[in-house]
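The chain below stands alone and is given in structure tokens; this is the form predicted alone.
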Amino acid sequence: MELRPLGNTGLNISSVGFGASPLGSVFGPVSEDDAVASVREAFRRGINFFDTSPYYGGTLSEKMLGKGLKALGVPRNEYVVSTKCGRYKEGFDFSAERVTRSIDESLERLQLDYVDILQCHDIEFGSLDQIVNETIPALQKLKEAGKIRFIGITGLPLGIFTYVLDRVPSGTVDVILSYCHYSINDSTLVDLLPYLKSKSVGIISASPLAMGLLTENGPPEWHPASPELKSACQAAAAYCKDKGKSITKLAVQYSLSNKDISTVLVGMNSVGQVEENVTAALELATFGKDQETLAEVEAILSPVKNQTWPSGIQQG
């Protein structure tokens, strides 16, 4: 598995990251055995970056990931863990008091002494000025206390990243996590990459499958995309299936092929899914993208290209 540098953190993380939200049974029930087995298989196959949040499955994802990481039985510095703060089953709370308490709760569930990255979760739902003036300073104190190593911010609208990064001292925010903006149907993150690189920020792109749009089964019922976008993605998936190709593999490879993105987070909850994603990465490294199928899929999706949706109903 290819390792890529994460901004100025000094961390080298696997190009495919393990998105642990499905371990919280948010897309259907996952047994503890399956959760642990998927984490072990991911690590065995070279994935060293694991991302979770107390919000996923109402803390269940963190607990399951903690059990999986413990079962690895390897030194702590051999894997990189990211969790989040500010978004919970009960709602949003980016206050200094809550995020300070949040990390202790997360560390207990993860069975860890520290996390590598703590990210403010979906900051567009809070006050961005509170994030700048209260939340991030609280996270800096956690950094000084050794409970976290690096600070990140996450969310859907791309404008939130420039708003915050322009208002904090350089080097304060180490990482951003953007989702659903670097996939075959929406590549708007690419416009922001030069700016993010100028700020020396590590870039994590999540949900290359656009929260289920780019799959044969299609998105969950709650997916906020327009009927037009859902229909186009369904047509693209059907085209791939007819050709004996997998739109899921194509989508993962599309996202992985931009080396300016440090890691692509893919949700996984089974050994089979780990195998599929690792194989997609290895095939990309060996043979490159399937340009012919990709061109056809891009043509099908061109009428809805870069069509997004308002923040609201979200993954997890």
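Heads up: residue numbers just count along the shown sequence, starting at 1. Please read these numbers as outputs of a predicted model, since none were measured by experiment.
The same protein also has a form predicted in complex with a small molecule, omitted here; what follows describes it.
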Any idea which of 102-110, 116-124, 228-236, 135-143 reaches within 4.5 Å of the small molecule in the predicted complex, heavy atoms considered?
116-124
Since the partner isn't included here, can you check whether the small molecule sits close to all of G19, T154 and G212 in the predicted complex (heavy atom within 4.5 Å for each)?
yes
Taking the small molecule in the predicted complex as the reference, which of V201, I131, V80, A206 has a non-hydrogen atom within 4.5 Å?
A206
Sole residue of Q253, S262, S38, N277 within 4.5 Å of the small molecule in the predicted complex, by heavy atom
N277
Applying a 4.5 Å heavy atom distance criterion, does V266 contact the small molecule in the predicted complex?
yes
is_contact(L177, the small molecule) in the predicted complex, heavy atom dist at most 4.5 Å
yes
Determine whether any heavy atom of F43 comes within 4.5 Å of a heavy atom of the small molecule in the predicted complex, and answer yes or no.
no
Might Q273 be said to contact the small molecule in the predicted complex, defining contact as any heavy atom within 4.5 Å?
yes
